[in-house]
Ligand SMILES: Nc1ncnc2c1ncn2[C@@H]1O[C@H](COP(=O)(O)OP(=O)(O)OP(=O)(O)O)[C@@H](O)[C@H]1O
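Okay, so here's just one chain, in structure tokens, the form predicted on its own.
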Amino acid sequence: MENTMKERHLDVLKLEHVSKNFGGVVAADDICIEINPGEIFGLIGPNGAGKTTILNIIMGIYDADKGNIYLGGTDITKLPTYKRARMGIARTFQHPRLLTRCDILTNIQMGIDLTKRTQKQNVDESELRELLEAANLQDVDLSLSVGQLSYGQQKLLEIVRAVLSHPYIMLVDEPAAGLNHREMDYIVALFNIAVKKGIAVLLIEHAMDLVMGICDRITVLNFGKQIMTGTPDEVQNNDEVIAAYLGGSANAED
């Protein structure tokens, strides 16, 4: 695993002048982002700023009207969603998307199976144990239905599964929504494991304490436009950002 990470391209993910319109609505306007291995990169902005649209474009759910997307130096702009996933993009959702009729182990196995297909590797028990302990799921009976987990536990399990797929990058959509402070700490622990493996994290989140505390860099969007990209300190001290977002409600829904 470690050798594979060292061989990865300098820019894990690169968006080059990406734009997307829905009729007369500009959802993304000339977005340029570069994310490096092991970096936690925040994507913030008010309601309707275009954050989830960007994730959907990266995954191939939406086609970009203009611009290009590169994964590890390879142009993936025209590739279908399943190929992007197999190449190393993992995603979690604000509301967990798990196999609710299956047991917890089967849901975990999905991440392991994806790793086997893409990298011809097995996930060892120590890695699985480390992730479950970080998520405080080590004492959970894996034979139970995933529906017996709490909402917060399901969100944590989805992140565990994403890390197990050994992606280039994880796209994580509002992991803190609906979680208590202790569960947010578990998310941070999982992210720390991911970045140590060289996995990049692209994070959409409205909890500003979390974003400013863990992100290396942040891009701020407003009405589909990229206001700025910088460190948390630079973002918090930018007058345009304060006027557009940070001065408003940090609890707005996207």
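One rule holds for the numbers: they count along the sequence shown, beginning at 1. On a predicted model such as this, the values are computed, not experimentally measured, just so you know.
We do not show the form predicted together with the named molecule, though everything after this point is about it.
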Item to check | Per-stretch contact check against the named molecule in the predicted bound form, the hit in 47-55, 207-215, 33-41, 184-192 (non-hydrogen atom, 4.5 angstroms) | outcome: 47-55
Checklist entry - Which residue, Gln94, Thr77, Thr106, Gln154, has a heavy atom that falls within 4.5 Å of the named molecule in the predicted bound form? => result Gln94
Checklist outcome for this item: From Ala64, Val220, Leu203, Ala27: within 4.5 Å of the named molecule in the predicted bound form by heavy atoms is Ala27
Checklist entry - Does at least one non-hydrogen atom of Glu174 fall within 4.5 angstroms of the named molecule in the predicted bound form? => result yes
